[in-house]
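Let's start with one chain on its own, the form predicted alone, as structure tokens.
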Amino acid sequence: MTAAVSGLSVRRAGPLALLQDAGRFGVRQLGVTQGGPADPHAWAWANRLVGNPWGAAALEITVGGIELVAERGLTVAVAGADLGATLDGEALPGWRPVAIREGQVLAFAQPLNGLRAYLAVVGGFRAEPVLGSVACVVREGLGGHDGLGHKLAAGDSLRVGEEAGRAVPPREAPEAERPDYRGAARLALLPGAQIGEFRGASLFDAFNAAWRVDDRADRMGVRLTGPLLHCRVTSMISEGIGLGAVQVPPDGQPIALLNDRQTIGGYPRLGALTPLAAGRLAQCLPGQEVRLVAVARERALADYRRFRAAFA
């Protein structure tokens, strides 16, 4: 691996810009969660457009944006949400590689379509791994650009490899791979866990009613508001919690757990969103409508295998 050098400096930072690789695995028994990109589809495409392999670290930028200054020539790509990205004040095209020169200013603003954008650079951003990953989990104080789980702040620097300015062949993601994050989102859910303990009317509502994304949403989880769901189980021993688990606390409003979730939980679960459905939910703004769609395990597994094979 080439030496790491300064690539981008932060001139202005929004509320949440985090370095994310594929995630931190094999340590959940220690109470350490996985982290990683909230939207793996957009993160993977940003990396692919600049020729990076699966797992390369990219920057996840959320509502509020960030302003970055190039400290050398770089080739970058932006995928995911449209946060009004600009280069020296001119619109920056997304879903394709772009060469930027030393001193140019790359800025992201408020969301126009979706919530999270991903910025990748040739060779990936460089940082010291913590427990095998640079994935930034603020709550646990792990990973990120400094290894301490800090979000980016003004004056910080993002390091890259010396090859970061290398040109890549012109390419762009097909239109079919560029989601429109507006409108109702259909989220594939694997029924399971305690689903048999929910009353029949609640199960009907869960999969037939429209849900709204609550403003209580972050990288830990997203609360959905809608009809009250009733479960016969009122107390249970805490169990391990996987990505996308849909818990239903006593108030009857489900919570879909995302990348920075706790590792165990004691609320009954309808099942789990597939990884791609969890990523789609992570792009939803407060108030947006979502619908839960039951999917068979075999179908969900086949869909995810196709997704991973495309980035092998």
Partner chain sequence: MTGQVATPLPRLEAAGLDAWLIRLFDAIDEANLPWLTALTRQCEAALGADLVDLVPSYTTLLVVFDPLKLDPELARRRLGEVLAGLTPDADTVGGEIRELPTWYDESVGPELALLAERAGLSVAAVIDCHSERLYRVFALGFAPGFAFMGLLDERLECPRLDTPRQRVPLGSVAVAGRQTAVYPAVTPGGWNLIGRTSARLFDRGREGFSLLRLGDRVRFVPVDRAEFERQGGDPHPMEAER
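Residue numbers count along the first chain shown, from 1. All figures in this text were calculated on a predicted structure; none of them were measured in a lab.
Just so you know, the form predicted in complex with the partner chain exists too; it's not on screen, but the next bit is about it.
- At a distance threshold of 4.5 angstroms between non-hydrogen atoms, G103 is out of contact with the partner chain in the model of the complex.
- At a distance threshold of 4.5 angstroms between non-hydrogen atoms, L158 is out of contact with the partner chain in the model of the complex.
- Residue contact check for G192: one or more of its heavy atoms lie within 4.5 Å of the partner chain in the model of the complex.
- Although the partner is absent here, G183 is not a contact residue: none of its heavy atoms lies within 4.5 angstroms of the partner chain in the model of the complex.
- Stretch-level contact check against the partner chain in the model of the complex with heavy atoms at 4.5 Å: of 283-291, 241-249, 64-72, 38-46, the positive one is 241-249.
- This chain is displayed alone, yet in the model of the complex one of V213, A206, L142, L152 has a heavy atom within 4.5 Å of the partner chain; that residue is L142.
- Residues of 244-273 placing a heavy atom within 4.5 Å of the partner chain in the model of the complex, in sequence order: Q262, T263, I264, A272.
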